[in-house]
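What follows is a single chain, given as structure tokens, in the form predicted on its own.
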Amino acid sequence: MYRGGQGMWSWILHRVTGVGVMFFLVFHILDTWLVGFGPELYNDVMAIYNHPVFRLGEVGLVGALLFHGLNGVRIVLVDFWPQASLFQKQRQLFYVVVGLFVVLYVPTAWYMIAEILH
């Protein structure tokens, strides 16, 4: 039985952020595809994205991209650096990912939310 811990949370967060990024890419491809139906339709759809709900979604998207990227680097290190696969090293690397995520994401999210409220 899997007991969880930082490995489980890392795995879950990596999958959830990956699915979120995939949905964003699908929507991005679809809205870009609308250019073929005329600039008015494309501009109407782009105007929807200025709604605060969508802009908050962008804040979440940045967080998902940042965590997914940082955790991806951790996974590459574990795969290609044999010492990193030791349990203690994996735990340390996960905490490095979480620390970097907080340091990078909090000011970015703060700035983005301030722009929405302004």
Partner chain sequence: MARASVHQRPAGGGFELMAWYFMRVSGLVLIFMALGHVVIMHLINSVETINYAFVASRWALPGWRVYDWVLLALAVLHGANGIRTLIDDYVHRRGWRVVWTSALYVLVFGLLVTGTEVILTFNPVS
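Positions refer to the first chain, counted from 1. All values reported here derive from a predicted model rather than from experimental measurement.
Note that the form predicted in complex with the partner chain isn't included here; everything after this is about it.
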item: Triplet Met22, Asn50 and Val76 all within 4.5 Å of the partner chain in the model of the complex via a heavy atom; value: yes
item: The partner chain contact at Gly60 in the model of the complex, heavy atom, 4.5 Å; value: no
item: The partner chain contact in the model of the complex: Thr32, any heavy atom under 4.5 Å; value: yes
item: Contact flag, His68 vs the partner chain in the model of the complex, heavy atom cut 4.5 Å; value: yes
item: Non-hydrogen atom contact Asn43 with the partner chain in the model of the complex at 4.5 angstroms; value: yes
